[in-house]
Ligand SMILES: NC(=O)c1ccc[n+]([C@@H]2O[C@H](COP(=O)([O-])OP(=O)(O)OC[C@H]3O[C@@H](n4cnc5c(N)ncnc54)[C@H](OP(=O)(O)O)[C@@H]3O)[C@@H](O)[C@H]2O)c1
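In structure tokens, the next block holds one chain alone, the form predicted on its own.
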């Protein structure tokens, strides 16, 4: 099979490329550097020509609707026109979440559904992003917890494996949602911060609980980003196992 991977040079996309190639299939990374620009649509039709599937991992959260919504719509329309199975990565818990980026991801799903047959996989936050939240909410020896804010972070490699499974599997005859994907453990911000600090040899933080202010923090305080029990497929490395393979000083997201 020939599978195009948008964002194929990025963290998730490059892993999807690797998983597909490991199984002996042709994975083709697509990005601006290969002449594919989702913000304008340039190169999209040509990239999909002769493909069996396309895994959509490309995004640019800093560009507003340009890539997340409009670029996804262009790709979905092109895939439908050429009969290419589109597999799209989205986020658990975005249906009623007020965060602007999550609203865009929901609109992207709606654009895909309007275009034709495709598969959407929603996943929880990656381990690296959960660690970033824990670091951001920790100041010195104190971690600030907002309501019941928690994460069920998932290993990026596990998400990549599932996306490869979907791309190499049968194409749906209509728009379909794969079962949501999450990691094995639900962790509070305090628990995440404790693990992150221990990883670099620091003591457990003092957790200070704060009330949620505004609709976005209220949604996270309700743990809207965590799938309801039994609704998601779980797997991959635990956060602690992932953390053990990271450098002592974490950086980035």
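Positions refer to the first chain, counted from 1. Every value quoted in this text rests on a predicted model; they were computed, and no experiment measured them.
What comes next is about the form predicted in complex with the ligand, which is not displayed.
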From the candidate stretches 86-94, 110-118, 139-147, 168-176, select the single one in contact with the ligand in the predicted bound form, where contact means a heavy atom within 4.5 Å. 86-94
Between 45, 26, 37, 65, only one gets a heavy atom within 4.5 angstroms of the ligand in the predicted bound form; which residue is that? 37
Only hit among 209, 199, 32, 222 for heavy atom within 4.5 Å of the ligand in the predicted bound form is 32
Counting only non-hydrogen atoms and a 4.5 angstroms cut-off, does residue 191 reach the ligand in the predicted bound form? no
Flag residue 241 as yes or no: does it have a non-hydrogen atom within 4.5 angstroms of any non-hydrogen atom of the ligand in the predicted bound form? no
At the 4.5 Å heavy atom threshold, is residue 126 in contact with the ligand in the predicted bound form? yes
Should residue 233 be classed as touching the ligand in the predicted bound form when contacts are defined as heavy atoms within 4.5 Å? no
Output flag, 12, 60 and 105 jointly within 4.5 Å of the ligand in the predicted bound form, heavy atom basis: yes
